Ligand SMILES: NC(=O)c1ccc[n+]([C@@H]2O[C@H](COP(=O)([O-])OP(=O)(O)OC[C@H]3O[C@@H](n4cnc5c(N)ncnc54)[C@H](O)[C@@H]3O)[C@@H](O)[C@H]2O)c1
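There is one chain below, alone, in C-alpha cells, taken in the form predicted on its own.
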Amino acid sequence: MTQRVAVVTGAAGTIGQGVIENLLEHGRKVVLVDRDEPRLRAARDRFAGQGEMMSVAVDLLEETAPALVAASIEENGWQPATIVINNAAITVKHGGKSHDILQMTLDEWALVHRINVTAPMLMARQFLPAMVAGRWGRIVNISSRAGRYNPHQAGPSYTTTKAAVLGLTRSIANDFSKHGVTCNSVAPGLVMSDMTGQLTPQLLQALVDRTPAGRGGSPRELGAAIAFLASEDAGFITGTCLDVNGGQSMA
C-alpha cells in the first residue's frame, strides 16, 4: 500500500483505535484526532513503534477544527491527507435507555447533529481540494445500523443523524467520484465500545440475542472493513454503505 496520510476522528475511542491499528498495518501515516487529550496520548502510546503517527487534540464542535488539523499536518512536514475517516460521534441516553422525541431536548438534537453530521461534512470539505488535485482520495463516514434499519436502542437524534450521514456520503460520492475520490460509509451493528457502555445490561444482552453471530463485533473487525474502503483496491466502490453487524440486520 502507498504511504498516504489518513485522518481519523474519534481516534481515542474504541472503534477509532481499531481503525488506527488497521491503517498502520496498511502502511498509512495516521493523524489521530480527538478532543480528549489524555486519552489521545494513551491511544498514540498504544501503537508506538507500529508506524508513523501524529495527534491533534481539537473539539469538532468548533468550525475551525478541520483547518487546525490541516495546519498541524503541514507543520509536521507531511503531505495533505487523502484519507479521511469520519468516526467521531456522540449519542445521548436517558438513564441508559432510549427515548422518543417527546423526551428529547432541542439542545440534545442540535449537539448530536453538530458532531455527527456537520463535523464530518466540514472535515471532508477541508481535505477534498487536495484529493481532487491529486485525483485520489478516500472518505469513509461511520453511520450505524440505527441509521439504516429499525433503531431499537437508539434515540431520535442519533438515529436521524446516522441516516443523514448516508445522504452526505451519497452526495459526496456523486460529486467527486469522477475526480478519483470515493466516499463510502460503514454501518456498524453492536460493537463492544465506550458507546455501548451507556446501555443497560438488559438492553445490551437483548442486542446480542438479536445478532445471529451471537456476539458484538470487535474494534479490529470494524477497522478492517473501514481500512478496506480506504484502500487502493476499493477504487470502484463509492456511494455505498457496508453493513458490519454480525447479521443483526440483513439487506
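Because the structure is a prediction, the values reported are computed rather than measured. Residue numbers here begin at 1 and follow the sequence given.
Keep in mind the form predicted in complex with the ligand is missing from the figure; the text below concerns it.
> Which of A225, M54, A43, L190 has a heavy atom within 4.5 Å of the ligand in the predicted bound form?
Replying inline: After the contact test, the surviving option is L190.
>> Within 4.5 angstroms, counting heavy atoms, which one of the listed stretches 174-182, 156-164, 75-83, 98-106 is next to the ligand in the predicted bound form?
In response: It is the stretch 156-164.
> So in the predicted bound form, are V140, T169 and G235 all sitting within 4.5 Å of the ligand, heavy atoms only?
Replying inline: No, the whole trio is out of contact, none within 4.5 Å by any heavy atom.
>> Can you tell me if I20 lies within 4.5 angstroms of the ligand in the predicted bound form, counting non-hydrogen atoms only?
In response: Close contact is absent here: in the predicted bound form, I20 is far from the ligand, nothing within 4.5 Å, heavy atoms only.
> in the predicted bound form, does A70 have a heavy atom within 4.5 Å of the ligand?
Replying inline: Heavy-atom contact with the ligand at 4.5 Å: absent for A70.
> Hey, in the predicted bound form, is A133 touching the ligand, heavy atoms inside 4.5 Å?
Replying inline: Outside the cut-off, so no.
>> With a cut-off of 4.5 Å between heavy atoms, is I115 one of the residues that contacts the ligand in the predicted bound form?
In response: Judged by the heavy-atom cut-off of 4.5 Å, I115 is in contact with the ligand in the predicted bound form.
> Across 11-50, which residues bring a heavy atom to within 4.5 Å of the ligand in the predicted bound form?
Replying inline: Contacts from 11-50: A12, G13, T14, I15, G16, D34, R35, D36.
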